[in-house]
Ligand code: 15L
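Just one chain follows, in the form predicted on its own, and it is written as structure tokens.
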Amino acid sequence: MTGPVLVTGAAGLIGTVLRRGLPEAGWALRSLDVVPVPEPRPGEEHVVADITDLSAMVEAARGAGALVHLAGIASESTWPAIAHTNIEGTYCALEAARRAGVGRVVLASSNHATGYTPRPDGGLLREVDAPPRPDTYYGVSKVTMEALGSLYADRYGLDVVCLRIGSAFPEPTTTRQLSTWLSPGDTVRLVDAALRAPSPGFAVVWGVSANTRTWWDLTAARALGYRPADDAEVYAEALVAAHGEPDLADPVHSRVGGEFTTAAFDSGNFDA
């Protein structure tokens, strides 16, 4: 793979983590966001553009070796906002990669693509056992992201890896996140693996750390070369003391999407 890795949404939370970690793993970066990227690193290329501007995206992708697509609304919002930014933005990212000859795309999908999937009675949940079952408009945009990725892999021969990210934060802040946390270090390791995996074709994998309490199967992610190093259990004592042990019958803990499946995320709470 030659050329820098184009990272969209580079000024966001995960983008900032990758801008720090991927260069240490040997990747040159071209960072794109709708706002200037703060604190640019030496040698880092910068592009200010809207991901829904296809012409700008094609220009940004020229000469890139891979594309990591993070840009978008990161939680529930109105349907027009989600449809424009997340769905149209994903189309533009993939179409720009195709037109510019970028052969590898890593898409930041989400557990919310299959949020209504129940926790298994025993064992770990594989991706194949969690088909599209979105919990919100946001989740629908991630289902569409995966579908578009599949189309571009099958029709145009791109390698497309969709990362169903759990809870990507500096540290877990809820007892649910003791199961779903993706640490900053493991975020870099996961994306690095998705970029390096030889000929993955189309792949959908869970994005979580090696959490003691996880119930998502990391076999598929490990097959790409992902080697998680962090475990949310180091935060368990403090979180359980503050919130109590998780009630596994509560939808927050019994469904993949957690609180996104509750009434608090009804669309009427977001539509103007």
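In this text the structure is predicted, and so the values were computed from the model without any measurement. For every residue, the number given is its place in the sequence shown, counted from 1.
Another form, the form predicted in complex with this ligand, is not on view; read the next lines as being about it.
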Interface residue in the predicted complex among 100, 125, 148, 74, criterion: non-hydrogen atom within 4.5 angstroms of this ligand: 74
The listed residue (115, 166, 172, 89) that reaches within 4.5 Å of this ligand in the predicted complex by any heavy atom is 166
Does at least one non-hydrogen atom of residue 138 fall within 4.5 angstroms of this ligand in the predicted complex? yes
Contact with this ligand in the predicted complex for residue 196, defined as at least one heavy atom pair within 4.5 Å: yes or no? no
In the predicted complex, does residue 111 come within 4.5 Å of this ligand, counting heavy atoms only? yes
Consider residue 176 of the chain shown here, and say whether it contacts this ligand in the predicted complex, taking contact as heavy atoms within 4.5 Å. yes
Can you say which of 197-205, 81-89, 149-157, 103-111 gets within 4.5 Å of this ligand in the predicted complex, counting heavy atoms only? 103-111
